[in-house]
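Take a look at this single chain, the form predicted alone, given in structure tokens.
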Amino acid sequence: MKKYTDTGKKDTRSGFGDGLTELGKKNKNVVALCADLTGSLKMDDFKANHPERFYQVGIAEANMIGMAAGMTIGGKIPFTGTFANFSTGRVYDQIRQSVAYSGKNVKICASHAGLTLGEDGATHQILEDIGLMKMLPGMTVINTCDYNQTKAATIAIADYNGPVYLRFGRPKVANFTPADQNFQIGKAVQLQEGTDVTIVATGHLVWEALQAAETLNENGITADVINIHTIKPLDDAAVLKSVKKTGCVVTAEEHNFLGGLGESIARLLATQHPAPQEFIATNDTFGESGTPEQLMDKYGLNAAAIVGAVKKVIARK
């Protein structure tokens, strides 16, 4: 069984900030827009090094999306930054009408996604954003698992022509993917190989899936663990290849089970290879205030919950 090492906990939002700074040095068309959360989005370095390409729009998220859409007409590559809640639900009409409908080359970069925003509570958390963005025609949806992958994804999406939603988080989490990775949009990453169950995870839950796989292995259960960093377009081939081998799947995400990764996998299996599935996700609820660890435990988004779901789904084969 392959072992993964946490090289030191780092926040994924810093991966975005560092990737954006690197982009600024090599691509003069990259511009950054922020809705009064420059520090939270880690956009300070880009602002300091490229003040002529940084736009502080204030608490005016809808205007920010409209400005970004307009900039693409002149060949700019706008990266917008604010909390995930304000990046999606608050400005959904502007994203649909001004960005998605005409396929504008805007990169909507969203921090503080999911429950791990923590103490700020339900008004600032969002557990519906993947579903909202996934439903927009032509929108690419990316949810990264650690600092290194977030930095690599930030750099990669600049070379992709079309609207992208890039989702990441606030807390420091395990950093275990390679710093020199080649991030390929729409290409799943196989982390573990097994024969008894497929665990498909995204975002912060990927590390939890790896921890669950270790526990399962100690109990004689081997798992395929797949990191789905791109939820749309989904790597259908990678998921089907694994489930045809293992015969069942557990999906894990920091999002409502309605509209998230799990539903995408369920649609795929229902149409091409029916198999038992269990969902690790929030159950049609808002979040609440608490530390990230408290909330992930309360809502069952951790390695122990994944282990339980695996045992349940194997019994259904």
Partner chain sequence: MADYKALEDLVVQVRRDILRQVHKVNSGHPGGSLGCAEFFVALYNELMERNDTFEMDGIGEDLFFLSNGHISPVFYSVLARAGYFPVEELNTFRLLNSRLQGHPTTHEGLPGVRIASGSLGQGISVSIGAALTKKLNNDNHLIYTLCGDGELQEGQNWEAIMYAAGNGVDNLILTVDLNGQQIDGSTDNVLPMGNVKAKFEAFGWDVMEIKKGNDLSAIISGMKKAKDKSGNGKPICVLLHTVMGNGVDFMMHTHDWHGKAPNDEQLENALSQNPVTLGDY
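Quick caveat, the model's predicted, so the values are computed rather than measured. Numbering follows the first chain given and starts at 1.
FYI, the form predicted together with its partner chain isn't displayed, but the following is about it.
Every member of the trio 55, 74 and 98 reaches its partner chain in the predicted complex with some non-hydrogen atom inside 4.5 Å. Listed residues 248, 37, 266, 67 were compared with its partner chain in the predicted complex; 67 is the one with a heavy atom within 4.5 Å. None of 258, 48, 270, 60 but one reaches within 4.5 angstroms of its partner chain in the predicted complex through a heavy atom, and that residue is 60. At the 4.5 Å threshold, heavy atoms of residue 241 stay clear of its partner chain in the predicted complex, well away from it. Residue 31 belongs to the set of residues with a heavy atom inside 4.5 Å of its partner chain in the predicted complex. Shown alone here, residue 120 lies farther than 4.5 Å from its partner chain in the predicted complex, counting heavy atoms only.
Not displayed here, its partner chain is approached by residue 93 to within 4.5 Å at the level of heavy atoms in the predicted complex. Listed stretches are 101-109, 139-147, 79-87, 163-171; the contact stretch with its partner chain in the predicted complex is 101-109, by a heavy atom cutoff of 4.5 Å.
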